[in-house]
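In the structure tokens that follow, the same protein chain appears in two forms, which are kept apart as structure 1 and structure 2.
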Structure 1
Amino acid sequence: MKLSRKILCAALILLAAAGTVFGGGRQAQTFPAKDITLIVPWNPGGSSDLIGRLLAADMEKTLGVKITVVNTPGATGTVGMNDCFLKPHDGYTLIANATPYTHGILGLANWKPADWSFLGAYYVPGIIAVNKNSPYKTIKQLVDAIAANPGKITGGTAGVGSSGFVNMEVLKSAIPELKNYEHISYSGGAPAVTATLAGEVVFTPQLSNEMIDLLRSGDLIALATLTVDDLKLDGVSYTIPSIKNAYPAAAKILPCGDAFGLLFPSDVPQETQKILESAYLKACQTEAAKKFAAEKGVVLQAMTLDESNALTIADAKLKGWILYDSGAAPKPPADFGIPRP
């Protein structure tokens, strides 16, 4: 046994040596020199996931390396983003998500919105929709009903911090009658939309792509859209009126929705950021990207780094403070570098 043990040890040492020789010490070359990982901090099939995969598929060709997509869901996106933050900030780990301003104020993470660089590919508007059997045929009827029946008219969203919830909070600041709606949480956009379809809740203010097919089939009726202009979606027979038509006061807080795209820590080297940006912009020009917009009822915006980062700060200022003032968010945006507007 002694001899074989010695051989075993020798083998292990050889392996260790081999490991260090092959494992480490590759010199830094032009980005990208190795495969990139794209973390989607949500379950597969959601908006972030689909958009992330779409962009990755084309960016692979431009950058010449493989982009591996992994799903790391949890804590409304915090876990996946945290994973990325903990890895080296070298541009080899990316995130597919929406504008990152809620995590800090909701007490989920310590980073600031400025800690992330954003590339906003698609803009997804919020839409207020009801079941086709609903007695409310216009947005004014719904709002009047909410005002007249405090706490009785239920609206389903994907939970505190979700787009739908934030949309409603922001709307409340411009249309005070909405304060009386009863918020019902679901574990995602799809269940919230399904619940509206099933009649468990009266309306839902979720994102357009989550309800687009139901709008097309007529099972759900869109009463208003949270964009500046009226919205014409592919396949929906009617034009969805902007909410400012009925409530001009809402114009100052429109558009209400989310921008989806790619994220990475803002202290990734500038040249790497530029390389990623140009590959991303190319990916946004493809036929597949445009088809996606039409099919899913979203708007292809292909914002640059600067535009996207500006949007993040603007959103954080407007929506972050509204969330804090209404009590939905426990921490003030000022703690994260966002002063009052």
Structure 2
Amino acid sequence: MKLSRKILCAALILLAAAGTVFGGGRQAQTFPAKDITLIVPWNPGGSSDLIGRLLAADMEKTLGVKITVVNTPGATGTVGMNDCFLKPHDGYTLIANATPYTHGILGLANWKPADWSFLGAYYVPGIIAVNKNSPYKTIKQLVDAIAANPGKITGGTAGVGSSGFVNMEVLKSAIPELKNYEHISYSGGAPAVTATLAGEVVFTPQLSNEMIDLLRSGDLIALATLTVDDLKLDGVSYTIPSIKNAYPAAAKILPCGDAFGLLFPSDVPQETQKILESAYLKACQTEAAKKFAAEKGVVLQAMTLDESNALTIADAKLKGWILYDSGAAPKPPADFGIPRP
């Protein structure tokens, strides 16, 4: 009888332990319990792709699971982001992209900027560049040509809603002559830069890390940086002048660039969000992350969730309303919870 009681007690202990693991323990189980998918909603080689893969490589080690990177381009990043949004909001599907504030107002998606939590790792400045054989040697020469030849001077970007496209739309509010350029869409930042190199388009207003190697080689020439101050990049033999030097009115809308990092739906459980944030912040402190900043001409910011989400709202207020007021965005930011600044 005593033996039976001992066996019974042991069985009850085992059952209790099993209940912790397989029952209520599912709620308490530490995230992640399986592999994670990171969707890059652009083609390989652009800012989102490079930064997403860099962060994922170290986060895998911290989280102890594999992070599979999947490129799902289309509709200016909306296809991949919609794929993520339709999956369970459990933290197992992430997005590598920039601040998510233009999709709704451009009519590409129904979700609001606040529907996403953002982790902004790097700030990437916009640069207006031409190929080395361009007749335009200064930003003023280029803008004068755009003004004199409506619809003839082409600029290549990663598409409507991309950083390069938004840069130009925002600049139009300060430099009206830019309204005369002809916008050409490509499937990503890298193809837009390649098109500029090949002479398919006259210039590109894309991001620094997408053209840094070509700036170093001299195959592309930077006419202006869309930063508040002049920009010196490692390996580039000259200092890139801020566009405000030639057009002081542009100072009010600078900087024009974007923060890039990771996103996931904002209703992912808070405990899971904090685990992802912690792994991401650790990835931002690695030598690889610091080396990437120097090599690619970007600024390592390693912003927290709170800081990144505040940046999203600030960009939505300033740039979102400029896009709407200019007619580039058909839907008012107010429809997506964004008041005028």
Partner chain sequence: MSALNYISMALDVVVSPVGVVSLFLSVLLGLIFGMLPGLTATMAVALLTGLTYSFDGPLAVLILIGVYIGAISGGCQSAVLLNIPGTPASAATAVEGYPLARQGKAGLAIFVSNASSFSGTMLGIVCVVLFTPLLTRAALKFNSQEMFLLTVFGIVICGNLTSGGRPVKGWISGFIGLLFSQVGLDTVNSMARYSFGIINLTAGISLLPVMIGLFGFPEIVDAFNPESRTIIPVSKFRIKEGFAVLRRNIVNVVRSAILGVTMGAIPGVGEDTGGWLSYWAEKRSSKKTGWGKGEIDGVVSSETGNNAAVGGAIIPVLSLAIPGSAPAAVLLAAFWMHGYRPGPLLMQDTPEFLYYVVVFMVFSAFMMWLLASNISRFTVKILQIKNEILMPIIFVCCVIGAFVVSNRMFDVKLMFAFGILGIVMRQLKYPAAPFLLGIILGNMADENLRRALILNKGSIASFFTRPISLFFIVFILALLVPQFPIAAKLVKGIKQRRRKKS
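Residue numbering: structure 1 sequence, from 1. Source: prediction; values computed, not measured.
Between the two chains shown, which is the form predicted in complex with the partner chain?
Answer 1, the form predicted in complex with the partner chain.
Would L231 and L300 land in the same rigid part if the chain is treated as two blocks moving between structures 1 and 2?
Two-body split between structures 1 and 2; L231 and L300 on opposite sides.
What is the turn angle of the smaller rigid part between structures 1 and 2, given in degrees?
About the larger part, the smaller one turns by 14 degrees.
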